[in-house]
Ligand SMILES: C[S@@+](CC[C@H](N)C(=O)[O-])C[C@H]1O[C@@H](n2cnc3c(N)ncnc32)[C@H](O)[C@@H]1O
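Only one chain comes next, encoded as structure tokens, the form predicted on its own.
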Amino acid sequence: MSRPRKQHEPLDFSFEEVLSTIADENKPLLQEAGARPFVKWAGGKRSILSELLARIPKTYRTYCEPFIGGGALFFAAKPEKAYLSDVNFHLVLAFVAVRDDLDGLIANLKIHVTKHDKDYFMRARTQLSREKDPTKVAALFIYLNKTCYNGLYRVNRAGEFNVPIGSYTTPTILDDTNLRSASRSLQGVEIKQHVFSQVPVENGNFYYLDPPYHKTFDGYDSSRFGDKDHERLAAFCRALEDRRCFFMLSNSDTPFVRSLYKGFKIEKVSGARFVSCKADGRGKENELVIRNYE
């Protein structure tokens, strides 16, 4: 194994603008033999997946992803050993349920399929923060993800899910085939709920970091990922460098981000990210892929 190579102003977005940034994430993947993400997720990596796959190190010990989101790269890369984590409690419960209690999860999703309408959606939205059974929580989360507006996960300061219902005619609440594929992919994978800095750091591991992008929507849990968090993440990446780990990071192409990772390999790629609710403001936007290895 080769060794890795050794301010700005806040930007506010309306709710409609935030929703438009993930419109492309609702489209099915053109590829895929095997598992794919079983939830929609803002900032999903579908549009640049081929770019990321081409940049993964040829050899590494454990695949680690501290901002798992939908897990597009994990499912596509099919690593032999993996450690997945996220700060989002409901998302982590969903991954654990797919791994450990698939039959129970599917049984609960079948109930949601038969009862879905606007009134049921609103009751489920309230129930998400009250339900205690982990598998039922996971099923509620997936149901809401598949039926809310554009699959957005947004919560208020109290941590309560508050996205409105989407305008789908026949939402795919239960994709039995993909859930079973995802469950097979997750067997033996360690899944934890914590912040990125708590991920175990070990020599030779590969870390893919996909944080909430700088100057974009960051309300996917009750906390916010601001400039100080991006600075802490950059410091974490330098610690990975010092421990002879491999890391690859995705983020917005902003002067602030470029300054944080000066000295590392920074490449610009084009991803389908909508940045405005107005039709003439939509299109592909540049983003960065940053690495500490060739």
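Note that the coordinates shown come from a computational prediction; the quantities given were computed from them, not determined experimentally. Just count from 1 along the sequence shown to find any residue number.
One more form of this protein should be noted, the form predicted together with this ligand, which is absent from this view; the next part is about it.
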property	result
Contact assignment for this ligand in the predicted complex, among 196, 121, 161, 83, heavy atom within 4.5 Å	196
Contacting member of 97, 148, 142, 72, with respect to this ligand in the predicted complex [4.5 Å, heavy atom]	72
Exercise: residue 211 in contact with this ligand in the predicted complex, heavy atom 4.5 Å	yes
Touches this ligand in the predicted complex: residue 247 (any heavy atom, 4.5 Å)	no
4.5 Å heavy atom contact, residue 240 and this ligand in the predicted complex	no
4.5 Å heavy atom contact, residue 64 and this ligand in the predicted complex	no
In the predicted complex, segment of 126 to 134, 84 to 92, 176 to 184, 99 to 107 with a heavy atom within 4.5 Å of this ligand	84 to 92
Contacts with this ligand in the predicted complex, stretch 166 to 190 (heavy atom within 4.5 Å)	none
